[in-house]
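Just one chain is shown here, as structure tokens, and it is the form predicted on its own.
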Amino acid sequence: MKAGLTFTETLQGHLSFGEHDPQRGALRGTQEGNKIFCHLEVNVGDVERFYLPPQPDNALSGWVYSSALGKRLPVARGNLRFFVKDKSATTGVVTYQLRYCLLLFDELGHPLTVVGVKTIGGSHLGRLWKDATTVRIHLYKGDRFADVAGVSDAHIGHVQGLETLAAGVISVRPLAFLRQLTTLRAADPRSVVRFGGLFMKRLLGAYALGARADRGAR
């Protein structure tokens, strides 16, 4: 029997329509006062395989609210993939991504697809907190869930007909992270301990690889 668990993640930040770059979208969204909130429940179906290739889909549910979208939109379909390996085509640096994919419907019933990415590793350990709690997001027109779920940053630009509506950045605040830890639930409490141990091992390992690459370059 697969050992599974659930936890809730709450993120907030800013985005702006008409932007393609998340950092610029977050800056402009802050100036415009365009906030975005995500309340997501993650269902890890198999603790032992949650970070191993091939990357399994872990279900997401919950809601997304943005002042620009006008109302709280339920997640019609969602998944999260942990530690997807990604190699930069320009620098050759290897990082690992936590990739969120959400399908929403606006108040008129039009489909929207949200892709969010946390990039882990490829830098110094001092960036761990920021990297592990910051999600760059793109909002795409239409139901493109099947086209973009699990597609890495290096390849998403090759997806045909992908129309970006907005971009921005959301993050887990320190207090929200502490609350998140209290939401970990599993039928077998040992699964919670196992998940935490495997996650931290994989997380720290990504930065250890980056540190070794830095030493090798000197």
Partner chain sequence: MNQTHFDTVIVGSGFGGSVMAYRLAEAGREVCLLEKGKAYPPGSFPRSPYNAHDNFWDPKEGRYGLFDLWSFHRIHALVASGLGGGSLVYANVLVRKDEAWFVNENLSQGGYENWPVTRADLEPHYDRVEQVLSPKPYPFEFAPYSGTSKTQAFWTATKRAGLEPFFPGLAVTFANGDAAPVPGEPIHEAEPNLHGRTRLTCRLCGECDVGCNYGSKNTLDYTYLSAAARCGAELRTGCEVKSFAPRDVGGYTVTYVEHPLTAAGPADESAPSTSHTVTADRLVLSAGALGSTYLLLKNRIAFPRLSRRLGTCFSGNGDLLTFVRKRPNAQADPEMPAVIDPTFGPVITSAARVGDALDGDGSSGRGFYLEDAGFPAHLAWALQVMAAPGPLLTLLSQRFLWDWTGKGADPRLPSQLARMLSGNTLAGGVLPLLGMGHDVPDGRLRLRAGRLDVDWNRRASKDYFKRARATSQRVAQELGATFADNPIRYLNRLVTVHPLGGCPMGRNEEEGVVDSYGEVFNYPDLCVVDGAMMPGPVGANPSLTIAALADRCADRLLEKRRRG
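Numbering follows the first chain given and starts at 1. If you're wondering where the values come from, they're calculated on a predicted model, not measured in any experiment.
In what follows, reference is made to the form predicted in complex with the partner chain, a form of this protein that is not presented.
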property: Contact at Phe7, Asp46 and Gly205 by the partner chain in the predicted bound form, all three, heavy atom at most 4.5 Å; result: no
property: Stretch from 182-190, 167-175, 61-69, 37-45 whose residues place a heavy atom within 4.5 Å of the partner chain in the predicted bound form; result: 61-69
property: In the predicted bound form, His124 touching the partner chain (heavy atom, 4.5 Å); result: no
property: Close approach of Phe199 to the partner chain in the predicted bound form, 4.5 Å, heavy atom; result: no
property: The partner chain contact in the predicted bound form: Gly33, any heavy atom under 4.5 Å; result: yes
property: 4.5 angstroms heavy atom contact with the partner chain in the predicted bound form for His110; result: yes
property: Residues within 4.5 Å of the partner chain in the predicted bound form, restricted to 16-36 and counted by heavy atom; result: Ser16, Phe17, Gly18, Glu19, Arg28, Glu32, Gly33, Asn34
